[in-house]
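Below you'll find only one chain, the form predicted alone, shown as structure tokens.
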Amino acid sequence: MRHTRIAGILLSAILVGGLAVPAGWAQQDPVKIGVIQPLSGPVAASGNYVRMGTEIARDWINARGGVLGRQIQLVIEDNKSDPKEAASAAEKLIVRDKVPAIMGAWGSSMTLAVMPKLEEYGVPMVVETSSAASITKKGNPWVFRISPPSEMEALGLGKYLGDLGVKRADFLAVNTDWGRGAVAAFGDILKKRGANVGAVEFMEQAATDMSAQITKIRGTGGDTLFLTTSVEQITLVLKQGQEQRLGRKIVTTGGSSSPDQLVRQAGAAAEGTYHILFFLPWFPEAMPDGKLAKAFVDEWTKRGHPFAGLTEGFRGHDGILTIVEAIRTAGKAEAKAIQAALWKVSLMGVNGPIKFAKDGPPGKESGQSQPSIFVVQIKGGKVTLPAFMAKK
């Protein structure tokens, strides 16, 4: 298969170990790829982990000769965890830096703010993290998403609801497109599977005191809390829930929980919690391409990056790999050609196979890949595969 061949070429370059610049690059302009991430603001930790992943992909690709005989150059912009800043960053990348493709922009609200710029200027973007359904449903043919929309994530969890014993669930989510979309998607799948939905509470992205929401949730008598937000806020909710003796199963959605970080920051408050993830750095052999996953974990560790960041960092790697493969397929680093080539991409990323299907209104479809989805549990202060995942 083609994606197996691509992964093999990538791994052979990694294992050779050299990052020498091929002769002739000095005479050619690099291929620029724009990156928009929250490098400051409330979700900066996640954005910086994604950035670290893009840099690994860049270095690996350059080590094996770049693309079209040219070096890859990342032009990275900080959206400051703010939709308006994200839109400004996109315009700067397109107009001033003249990038032919972008990867971004972590949060759904930030990605949605960028999307009109993509259509205005005709530049494709690979969406590496955002999960709001509207991103691919709006009708923007310049959008190609490798992260799962909340509906796809909820369906992936659906087969485990019986194992988790969910009968009555409450929701606490960040008040963004991502959080609201997750509540709707997971609420729908729960109802379809015969479970009841109780309280639905929201919190602002920069909020640090969620005690009022937890008090309301505590009074519902539910058995499970679905929690959707960044790792920083998850930590606070777990600690405050422990203080209020919340006493129920907690499942985090969106793949942004960084369980190791939760063990470190929330301690006993994280014990027993379940987390939906799209990469298993503790068990790379369980990934679709175990060798690629192991190589990524090893490189990440060699660079001294926090292990906890791996559950975000892989997104950056896979996003850049996807864009570069589209450039290679197109045979030129031009926006319209890259857009057309993205429909032909078929490769193996750290998460698994990447291939786009059409989603959205006819004639204006966006691309949506179907990612691999996993569940882990924090048990005994360690990240474990639940018995029901191990047997699957």
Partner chain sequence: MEEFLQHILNGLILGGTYALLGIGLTLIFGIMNVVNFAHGEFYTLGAYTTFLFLALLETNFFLALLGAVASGILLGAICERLLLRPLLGESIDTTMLVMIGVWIAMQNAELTLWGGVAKSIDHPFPQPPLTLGPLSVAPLRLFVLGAAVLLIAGSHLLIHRTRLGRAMRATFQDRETAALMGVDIHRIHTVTFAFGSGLAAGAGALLGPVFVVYPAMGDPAALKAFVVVILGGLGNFAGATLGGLILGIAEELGAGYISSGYRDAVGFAIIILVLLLRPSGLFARAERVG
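Quantities reported herein were computed from a predicted structural model and do not represent experimental measurements. Numbering follows the first chain given and starts at 1.
Below: the form predicted together with its partner chain, not depicted.
Practice task
Only one of D177, E77, E232, E85 comes within 4.5 Å of its partner chain in the predicted bound form by heavy atoms, so just point that one out.
Solution key: The residue from D177, E77, E232, E85 that makes the contact is E232.
Exercise for the section: Tell me, out of E204, E285, D298, E120, which residue has a non-hydrogen atom within 4.5 angstroms of its partner chain in the predicted bound form. Expected result: Result of the distance check: E204.
Handout entry: 4.5 angstroms heavy atom contact with its partner chain in the predicted bound form for K159
Key = The answer is no: K159 has no heavy atom within 4.5 Å of its partner chain.
Exercise for the section: Verify the contact flag for S40: yes if a non-hydrogen atom of it lies within 4.5 Å of a non-hydrogen atom of its partner chain in the predicted bound form, no if not. Expected result: Yes, contact at 4.5 Å.
Practice task
Using the partner position in the predicted bound form, report whether R245 sits within 4.5 Å of its partner chain, counting heavy atoms only.
Solution key: Heavy-atom contact with its partner chain at 4.5 Å: present for R245.
Practice task
Examine K294 and determine whether its closest non-hydrogen atom to its partner chain in the predicted bound form is within 4.5 angstroms.
Solution key: It does not: once its partner chain is placed as it appears in the predicted bound form, K294 has no heavy atom within 4.5 Å of it.
Problem - One stretch from 40-48, 352-360, 62-70, 338-346 that, in the predicted bound form, holds residues within 4.5 Å of its partner chain by heavy atom - result: Careful reading of the contacts points to 40-48.
Problem - Contacts with its partner chain in the predicted bound form - residues in 344-374 whose heavy atoms fall within 4.5 Å - result: None of them.
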